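We begin with a single chain expressed as structure tokens, specifically the form predicted alone.
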């Protein structure tokens, strides 16, 4: 029979501390029996020579020194099955959609197993999101981890839902699934997500985990691990290509800071725990392609930068771990442009391995480089115009200034339900580049100009 211990010495926020009574493991599950007969669940967070710290999932209300603690000897496991597809679950894996509990084919530890670096394959397969600023200039590759850096009040959730609806590998018949995990969202946002998934039919190939703002902070730390465990199961047991969307990593880090404060740890930068880098890496590094396995896990994690500060610890540490970033711009949002993605500070470090002949199109890299260069110069010229006026510019500079406006209006701007193929994206790019004198297209090989430039197409 499992022993019950009544050795609680302190209750602090979501944590209880009890005198050590038997050998316990990190992450071990705990049942806490309250004096009123109800039971709460917890997890061992820390263990020393004489004290065990336990985080309580449902909050510590109603607990006192008379509460009994039972160590189960198990870690948190997610019941997994292919029937998860099409389901909406809570942050701890309980059904939220009124459906039955999932009948598990297996139960998997949510902390996952570390991926052997030697067994990783270099990502190289293009994923089409249908959004030009990502596909055209910051291409997502299968197995990549590419965060979206946003700010409060910007439409990052709409972008996430659009990617969830539209993402696919063009020309491939392989099974593609989306695992969507939302952390610390309001009830209103949860309703919005659920309605959008159900209305658009995207739910059929998705597993959704929703952790609400009024759910315990401890659950917020488990939610992304639940989502990644489901993704790894679908990818490596059922050979599916899985896109994981995590929103909002900032809420996750706030929960991490709250737990650190409850444990009275020495804080690091801005009060966040010193181990936040390692903790975030344990999430981000669960993306990849493994040799000998057909499936893959690709990650889009969304984080809102507090005060739009890209040097804040959360985006700063994420940038070190991930392979680039997509930056959502408040300036473009104010202009009424959707999606307001600023391509200049955005970057996809794996883009070059996922584009080109046989993957997207032979002219992709050259077109992307040319547009980036012309748009960057056009943005600089806007600052000059504010000082000297448009009339003071040369004819060449005026053309580049006009290009920057066209780029934002025709390439960046698109509808919330507009799903552009990579061909569409590149053709729109050429139609804008055609507004520049051919002499300015210095980054594009002449053979591509002859083949794809609208002026030559007309003549042919």
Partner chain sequence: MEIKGEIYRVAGPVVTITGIKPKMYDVVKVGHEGLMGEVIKIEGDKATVQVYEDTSGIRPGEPVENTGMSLSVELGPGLLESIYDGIQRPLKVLQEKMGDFIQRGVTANGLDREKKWDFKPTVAKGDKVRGGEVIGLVQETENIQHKIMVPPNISGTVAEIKSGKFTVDETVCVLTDGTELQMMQKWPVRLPRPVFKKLLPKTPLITGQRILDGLFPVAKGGTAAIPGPFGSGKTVTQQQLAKWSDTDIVVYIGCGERGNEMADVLNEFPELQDPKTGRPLMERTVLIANTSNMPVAAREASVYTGITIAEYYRDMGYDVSLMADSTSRWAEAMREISSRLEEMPGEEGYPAYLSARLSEFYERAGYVKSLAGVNGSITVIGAVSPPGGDFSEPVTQNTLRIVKVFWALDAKLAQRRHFPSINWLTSYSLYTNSLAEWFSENVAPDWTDLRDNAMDLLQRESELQEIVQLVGSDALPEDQQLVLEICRMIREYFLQQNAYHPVDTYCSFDKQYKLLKAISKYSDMATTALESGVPMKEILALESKDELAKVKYEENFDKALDEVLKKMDSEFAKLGGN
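Fair warning: this is a prediction, and the values are worked out from it, not measured in the lab. Residue numbers count along the first chain shown, from 1. Whichever C-alpha set is largest while still superposing within 1.5 Å between the two forms counts as the rigid core.
Keep in mind the form predicted together with its partner chain is missing from the figure; the text below concerns it.
Asker: Using a 4.5 Å heavy atom cut-off, indicate which stretch of 270-278, 328-336, 77-85, 157-165 touches its partner chain in the predicted bound form.
Answerer: Looking at the partner contacts, the answer comes out as 270-278.
Asker: Between 260, 123, 130, 216, only one gets a heavy atom within 4.5 angstroms of its partner chain in the predicted bound form; which residue is that?
Answerer: For this set of options, the contacting one is 123.
Asker: Scan 409, 435, 46, 418 and let me know which has any heavy atom within 4.5 Å of its partner chain in the predicted bound form.
Answerer: Of the candidates 409, 435, 46, 418, 46 is the one lying within 4.5 Å of its partner chain in the predicted bound form.
Asker: Closest heavy atom of residue 28 to its partner chain in the predicted bound form, within 4.5 Å or not?
Answerer: Taking the distances in the predicted bound form, the answer for residue 28 is yes, it comes within 4.5 Å of its partner chain.
Asker: Taking its partner chain as it sits in the predicted bound form, is residue 363 near enough to touch it, meaning that at least one heavy atom pair lies within 4.5 angstroms?
Answerer: Residue-level check for residue 363: no, no contact with its partner chain.
Asker: Wondering, does residue 236 line up within 4.5 Å of its partner chain in the predicted bound form on heavy atoms?
Answerer: Yes, residue 236 sits close enough to its partner chain in the predicted bound form that at least one of its heavy atoms falls within 4.5 Å.
Asker: Taking any heavy atom pair closer than or equal to 4.5 Å as contact, tell me whether residue 372 reaches its partner chain in the predicted bound form.
Answerer: Yes.
Asker: Just to make sure I understand: among 99-117, which residues lie within 4.5 Å of its partner chain in the predicted bound form, judging by heavy atoms?
Answerer: Heavy-atom contacts within 4.5 Å come from 113, 114, 115, 116, 117.
Asker: Relative to the superposed rigid core, does the CA atom of residue 65 travel 2 Å or more between the shown form and the other one?
Answerer: No; that C-alpha moves by less than 2 Å between the shown form and the other one.
Asker: After a rigid core superposition, would you say the CA of residue 9 moves by 2 angstroms or more between the shown form and the other one, or not?
Answerer: Comparing forms between the shown form and the other one, the residue 9 CA shifts below 2 Å.
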